[in-house]
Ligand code: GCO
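Listed next as structure tokens is one chain, alone, in the form predicted on its own.
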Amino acid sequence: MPPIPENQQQALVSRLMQACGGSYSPQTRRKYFISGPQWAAAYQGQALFHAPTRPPIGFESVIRHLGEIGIGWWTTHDTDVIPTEALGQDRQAEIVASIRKALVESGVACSMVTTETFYHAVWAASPAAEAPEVREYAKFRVRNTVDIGHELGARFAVYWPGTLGYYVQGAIEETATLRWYADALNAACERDIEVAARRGRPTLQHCLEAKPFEPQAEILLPTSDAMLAFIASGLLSHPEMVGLNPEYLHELMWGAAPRAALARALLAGKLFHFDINDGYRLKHDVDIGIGLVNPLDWLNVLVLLRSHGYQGPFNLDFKPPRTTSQFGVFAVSFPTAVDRFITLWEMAGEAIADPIINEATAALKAGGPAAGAHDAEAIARANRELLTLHELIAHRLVQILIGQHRGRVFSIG
């Protein structure tokens, strides 16, 4: 193949995307509660050791592109769209009005807002630092984000306390830091109650997002389980308003099973919001698009969520690769992420209804013939053959994933 001229490369990408098939219409995509984050779409490919590979893009373009793709919801950090120095000022109101206009024009709604408490130098020692003025500023920021959320019609607010921790031993007193962090969340909930009552709107659902690694060397709330313990600690004035926003990769990164973390959140009644992406165990936060690394695990996750009637958002918290162009972000990254999610979600429904899986599961629950209640050998013998069904169920899920259950086989010459 000869070199492809620059002015023909986008056309090539578009043609090959169309040749891939398997796409859903924007109308179909809008039927699912999938949200597109400003920070993911505007990500320029920069990282600790990497320069940007894409030009900047503003919220007007992001919202327009999401609407064209068929992503009906948009999410943002406060400082993704409002300069830090403009927060709480007249300029904020002007920007929020512009965002509302862009959302209406594109038929997109704001589902979630979140506060940046990790990037600016003011958070060097976390939003719950020893200095009282830092903590008061943190309260201002989360209260202000609640205001923005109600202005934009959001239903959720997310908090990622990534800097809540320390670099060196003995630097902080952990119990004090956790109490101070609770004070900020209490301030957000109190403001929410006040603003919601004034506007005649429901209060927001406040969601904590855990992450095991980075940016601090040691993090005080590194997992969803730690977040659940924190919510139940008695430090929060309105624990009923606070739940979880687990992120798939954040649970996977430290070697855990995302499905198990989600199950524990479901049992606690605290699964409010879910950030979806993909990646690898015991690695850094690569934020790959859903289903590109662990499609079988994702099928299992969605079987769990469908089985338990989860109806919250699925937020596309992934980073389009640095190798993808700005054109490619909206021509490939976002539409394919949505389409893989929809396919896996519908496959999960198929797995739930599958007669083979259902019969195998029922047989396991029924157990073998009655054995002596205290006879371990007899109980083991009565169930020994049934336990093989665990592997059979896993095989059936793989068949559904690759279409083998519909007769997809290959002729081997």
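All residue numbers refer to positions in the sequence shown, first residue = 1. A quick note: this is a predicted structure, and the numbers were derived from the prediction, not measured.
The protein also exists as the form predicted together with D-gluconic acid (GCO); that form is not presented, and the subsequent description refers to it.
Residues within 4.5 angstroms of D-gluconic acid (GCO) in the model of the complex, judged by any non-hydrogen atom, belong to 314-322 and to none of the other stretches in 170-178, 314-322, 126-134, 329-337. The partner is absent here, but in the model of the complex a heavy atom of 118, alone among 166, 118, 341, 230, sits within 4.5 Å of D-gluconic acid (GCO). Of the candidates 287, 225, 147, 183, 287 is the one whose heavy atoms come within 4.5 Å of D-gluconic acid (GCO) in the model of the complex; the others do not.
At the 4.5 Å threshold, heavy atoms of residue 158 reach D-gluconic acid (GCO) in the model of the complex. D-gluconic acid (GCO) is not shown here, and in the model of the complex it never comes within 4.5 Å of any heavy atom of residue 111.
Of the heavy atoms in residue 151, none are within 4.5 Å of D-gluconic acid (GCO) in the model of the complex.
Contact annotation for residue 259: none of its heavy atoms lies within 4.5 Å of D-gluconic acid (GCO) in the model of the complex. Using a 4.5 Å cut-off on any heavy atom, the one residue of 249-267 that reaches D-gluconic acid (GCO) in the model of the complex is 250.
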